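What follows is one chain in structure tokens, specifically the form predicted on its own.
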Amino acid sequence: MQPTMKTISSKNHKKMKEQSYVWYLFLLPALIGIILFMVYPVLESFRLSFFSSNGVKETFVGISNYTQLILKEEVFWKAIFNTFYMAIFQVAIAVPLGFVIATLINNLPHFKDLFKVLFFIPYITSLVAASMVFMYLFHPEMGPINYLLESIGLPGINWLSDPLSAKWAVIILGIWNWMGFVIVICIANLQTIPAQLYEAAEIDGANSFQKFAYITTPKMMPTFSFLLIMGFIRTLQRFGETYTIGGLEGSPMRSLYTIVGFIYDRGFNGTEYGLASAAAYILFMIIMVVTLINMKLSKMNV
């Protein structure tokens, strides 16, 4: 008796279904890793935020960790101020400057790839290693930056001893490190703008500035939105460079004390795991609100 088409189709479907299970087995190690090292810590941290915990004893305290942070911990608000101060200036300088450099590189007739590589190298450099190099560059007596300032008649600056200049030293380090990413992303978008738009503008008599203002800049708005969101997410989680330069207390005078530094200090140094977990979730809420505001403003401008 010959098998019918329906029987053959059913067998093929069953065979394909069995084969698909094999692929799920290959995904299993990755899924286990995600659950163990990402999902579980996130859920456990959320649970801990409602407890007073030193790692051995736990006492349920409800939302008192959150109220303590918001109402009583002045150093937490100082960490928020420091984090936002450095984040806003770094993103506000790095994105426009990176866009200008990307435009110049994109208009070069030769060596575009060479410049992209040169500017991208800092982005893949270890922030800890870069911070140590910048500590030498900003040294008040031996640093080449003060040497350059004094050679043109300007006074030297105690970069890492003054609270304000220490913040700006970290901002300059952050711009140097992140600039390559901004440039590469901007160049990628610049190369997708149709050349016909510029040709049509030339026929209509538009000059270079008008083409830049009315064609290039509007076409770059989605990229600016992406860079703003990525920049704020990155800078609001700042820790490596401030810890390397300012230590656990963010010296001088806690001017480099960031939100993640606060979480590390109170969690691993003070063994206040509940308070540190609550601070981590407040940071999560801050990043989410900033991201939503950026997305809303970006949609209004597109």
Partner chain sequence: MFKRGLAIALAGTLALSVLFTGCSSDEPENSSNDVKQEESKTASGKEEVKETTDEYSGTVTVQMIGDWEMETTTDPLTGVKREGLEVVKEEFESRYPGTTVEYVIMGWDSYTQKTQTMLSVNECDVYQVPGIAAFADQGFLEPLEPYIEKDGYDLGQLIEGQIDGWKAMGPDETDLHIYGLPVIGDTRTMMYDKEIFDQWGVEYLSERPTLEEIKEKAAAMTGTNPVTGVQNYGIAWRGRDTADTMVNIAESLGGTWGDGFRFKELTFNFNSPEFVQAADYLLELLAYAPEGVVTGQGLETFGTSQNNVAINLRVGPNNYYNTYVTPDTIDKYGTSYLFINENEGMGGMFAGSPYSIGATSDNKDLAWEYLKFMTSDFYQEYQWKNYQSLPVIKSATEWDDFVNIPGMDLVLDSMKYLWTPRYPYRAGQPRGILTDSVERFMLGESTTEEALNDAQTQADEWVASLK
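As the structure is a prediction and not an experimental result, all values here were calculated from the model. Positions refer to the first chain, counted from 1.
What comes next is about the form predicted in complex with its partner chain, which is not displayed.
Student: Which one, 37-45, 55-63, 232-240, 22-30, holds residues whose non-hydrogen atoms are within 4.5 Å of its partner chain in the predicted bound form?
Tutor: Answer to the contact question: 55-63.
Student: Which listed residue (L160, V91, I105, C186) meets the criterion of a heavy atom within 4.5 Å of its partner chain in the predicted bound form?
Tutor: When its partner chain is considered in the predicted bound form, the option within 4.5 Å is L160.
Student: Check each of A206, I145, M135, I215 and return the one that places a heavy atom within 4.5 angstroms of its partner chain in the predicted bound form.
Tutor: By the 4.5 Å criterion, the partner-contacting residue is M135.
Student: Would I70 show up as a contact with its partner chain in the predicted bound form if we use heavy atoms at 4.5 Å?
Tutor: Because no heavy atom of I70 falls inside 4.5 Å of its partner chain in the predicted bound form, the answer is no.
Student: Is K219 near its partner chain? Define near as a heavy atom within 4.5 Å, in the predicted bound form.
Tutor: No, no contact at 4.5 Å.
Student: Using 4.5 Å between non-hydrogen atoms, is P194 touching its partner chain in the predicted bound form?
Tutor: No, P194 stays farther than 4.5 Å from its partner chain in the predicted bound form.
Student: Within a 4.5 Å heavy atom cut-off, is I245 in contact with its partner chain in the predicted bound form?
Tutor: Contact check for I245: yes, within 4.5 Å of its partner chain in the predicted bound form.
Student: Pick out the residues of 137-152 whose heavy atoms come within 4.5 Å of its partner chain in the predicted bound form.
Tutor: Residues within 4.5 Å: F138, H139, P140, E141, M142.
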